[in-house]
Every structure is written in C-alpha cells, then in structure tokens.
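Before any questions on how it binds or moves, here is one chain, the form predicted on its own, in structure tokens.
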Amino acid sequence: MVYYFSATGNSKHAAEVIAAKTGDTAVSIADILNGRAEIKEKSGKTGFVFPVYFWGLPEIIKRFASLPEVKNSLGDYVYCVITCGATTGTADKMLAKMLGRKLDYSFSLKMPDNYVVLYDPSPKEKAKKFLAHADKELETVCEDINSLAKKRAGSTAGELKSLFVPHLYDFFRTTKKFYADDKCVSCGMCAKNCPDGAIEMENGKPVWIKSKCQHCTACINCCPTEAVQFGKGTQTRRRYNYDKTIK
C-alpha cells in the first residue's frame, strides 16, 4: 500500500507512479482520515509519500502515522518518498520515530515548490522542467523499491534546520489571514479540497472556521479564479497545480 498526502498534486502524482510501477495501490491519507477510504490490511510493502513542511512533517502525517491501526498494518518493507522544493532534512527520520520503526528506504524527490504564502511559485516552464527531472528520478525510486533496496537517498541536506525550523510550522498554521477576494465565483472548490474541513461556504463565500489548518495551500493554489488570498502577499503571486502545469 502507498499512502499519500497531496494538496497541489505533486505527491499524488509520485504516489500513483510508484503504485503503478510496483504493483501496488495508492490511497489518500486525507480520504482515510475523513472516512472516505480505509487503512488496508498488512502487506509486503508499505509506502508513504508526502511533502516536507518547514523541514519537518505535515500535521496530517503526524496524526496518521501515530494511529495504532497504521502501525499494525505496516509491511515487512517500509519506505517513504518525500517531495520538496530543495531539501527535506530529517523528515524521514521523524516519520520513522512516529511509526516506531526504522525505514528501510527513503528518498527526497525535488518537485516544484508551491508555498505561495511565503514566496512566488516557479513559472510554468521552469516547473515543467522540475517535473520532467522528477519523473526520471521516480524511475530509479521504483527500481529501488522493487528490489527492496535499503538506503537513504535524494535531497536530504538541511539536517541542522530540522532541529528548529519545524517548530515554526505550528505558528504559521493560522487561518486568520485567509480570505476570498472579489474574484470569488462561489464554486466551493476551496472547501471541497481542504483536508482539514477548515472551510465552510457561507452566503456563497468561503469562511475559515478553524483557527489552524495544514497550510497545505490547496485552497489558494486550486482556486480556479485565484480568488483565495493569505494577507496581501499572495495577491500578485503565481499559483501552482500539478495537473494545470503539465498541460
């Protein structure tokens, strides 16, 4: 089983490629936690695919990995592929600690960064080059998994940052600055795509009902009219979505 968390499509794509080339099935962690899918019975291999957040783990990964039923379903070979814009630090070791066992294999896969809250995502053509390179690396990853390789590879630099930067994540997870501007067409995609259920539609407009969320930026990056904002900084920044980028 390949469990994945993805907000803008990068990790979903990686998980689906891995599942297809290793004879496995990819399942969304958000779907499991929201009752739309189930944790599968123990099998030979168990994979985790997700993005690094602040050189650490997204909150949803911490919640999922800590579940007893997840730990009981782990196969004999456990691996993770962590997507990132630059490096992942010790996020794989953090996952291992949450699972209560060492990982047999981990790989840091560079893909287009998309945390629009802090910076402007790459232009489309540059992002497409990132994705083409990532697909080549995925071929190696799948070969490694099929051969049950045991190693730690990819962009794992930044271990020093992993000592203190992840502690900033909880501070940044506020929803106070989220809002929809006049471009909002009341489509409800932001609420539908939110893995936390932190958004409700009121009078045709999104309202953030929780004080904290994953800060996965699905609401910002998947809005078809680019109406969702976080403060003033996102107003002039590009958006990123895997499916739109590869077209």
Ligand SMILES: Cc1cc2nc3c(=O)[nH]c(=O)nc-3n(C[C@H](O)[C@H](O)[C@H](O)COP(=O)(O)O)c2cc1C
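Numbering starts at 1 and follows the sequence shown. Small disclaimer: the values here were computed from a predicted structure and weren't measured.
Keep in mind the form predicted together with the ligand is missing from the figure; the text below concerns it.
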* Asked: Non-hydrogen atoms within 4.5 angstroms of the ligand in the model of the complex: do Phe5, Met111 and Tyr115 all have one?
  -> yes
* Spot the stretch among 96 to 104, 122 to 130, 142 to 150, 76 to 84 with residues whose non-hydrogen atoms come within 4.5 Å of the ligand in the model of the complex. => 76 to 84
* So, in the model of the complex, is Thr217 in contact with the ligand at a 4.5 angstroms heavy atom limit? -> yes
* Might Val52 be said to contact the ligand in the model of the complex, defining contact as any heavy atom within 4.5 Å? -> yes
